[in-house]
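What follows is a single chain, given as structure tokens, in the form predicted alone.
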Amino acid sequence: MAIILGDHQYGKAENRVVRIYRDAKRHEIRDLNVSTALRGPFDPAYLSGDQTNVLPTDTQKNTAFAFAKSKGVESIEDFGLDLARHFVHDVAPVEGARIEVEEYAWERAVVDGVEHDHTWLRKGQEIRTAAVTVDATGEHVIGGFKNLVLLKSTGSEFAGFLSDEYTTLQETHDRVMATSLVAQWRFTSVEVDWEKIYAGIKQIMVREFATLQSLALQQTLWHMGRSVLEAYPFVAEVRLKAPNKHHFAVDLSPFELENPGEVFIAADRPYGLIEATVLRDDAPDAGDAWRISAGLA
């Protein structure tokens, strides 16, 4: 029996990069959390402590900040591609790079009915994500978001399920359905209008959640993923993760009050966790596109 070193990578996680454009009276802001990871012949660093081939993680951090200025942040996907291409093509002996980016959204403050030029309020909606991998197999981009909290007060059912001696859940044909959605989608091209497509995919998923008479959260995820693939031929697959944020009707009978589905307690745990991958049957191989580093995107 031999003991060997398996897959490995190293990098700088969670670099908080804020890029403000100040070249006009009306400023613009992009607020990022950037993680980098490099892959290559780094075995000696692990096995004997030899750092000859190791680009310091501090250098990776500096590169992210420098690129925020020199390359700019038009979209987090392009920013990730710029970083990954640099590490792979310009830094020997790096063979592969994984860049994960979270973006935090801001909206302009409104003062006396007018949007302010240089003041923003942090938006409390989803966190946009991108994961970029560049290596010998090509360039892979995964877009996405997490923490998109959705709730609808009707249009959801759950009935006809398997029951055994431990089952206490009652069937329902009218319930509150809520989730904090995590969605990721893999592109087959890097020639994409990232900003437009992000907004379009989010809109599709919200539409399907809102309009489908859902017999189960599983069914809702299937409709979300299928609708995205039907709309965008350059998306190969969609991965979805949705905790079922349960809302239970409160028994108000001790207070001689009826509660016809109007007052609920929101339970944060335990929760059902529903996951699905929806993909084309001819989707190209993903390579290392889904091999995470910091796991943020």
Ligand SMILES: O=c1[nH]c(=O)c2[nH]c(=O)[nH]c2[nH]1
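All of these numbers come straight from a predicted model, not from anything done at the bench. Throughout, we count residues from 1 along the sequence that is shown.
What comes next is about the form predicted together with this ligand, which is not displayed.
- Site annotation in the predicted complex: the residue of Ala286, Ile274, Val17, Ala13 reaching within 4.5 Å of this ligand with a heavy atom is Ile274.
- The partner is absent here; in the predicted complex, the one residue of Thr137, Gln203, Ser153, Gln218 having a heavy atom within 4.5 Å of this ligand is Gln218.
- In the predicted complex, no heavy atom of Trp222 sits within 4.5 Å of this ligand.
- In the predicted complex, none of the heavy atoms of Thr57 sits within 4.5 Å of a heavy atom of this ligand.
- In the predicted complex, Leu162 stays away from this ligand, with no heavy atom inside 4.5 Å.
- In the predicted complex, at least one heavy atom of Arg175 sits within 4.5 Å of this ligand.
- For the candidate spot formed by Tyr104, Gln125 and Ala199, no residue has a non-hydrogen atom within 4.5 angstroms of this ligand in the predicted complex.
- With this ligand left out of view, the stretch that reaches within 4.5 Å of it through heavy atoms in the predicted complex is, among 74-82, 108-116, 167-175, 223-231, 167-175.
- In the predicted complex, Phe158 is the single residue of 138-159 with at least one heavy atom within 4.5 Å of this ligand.
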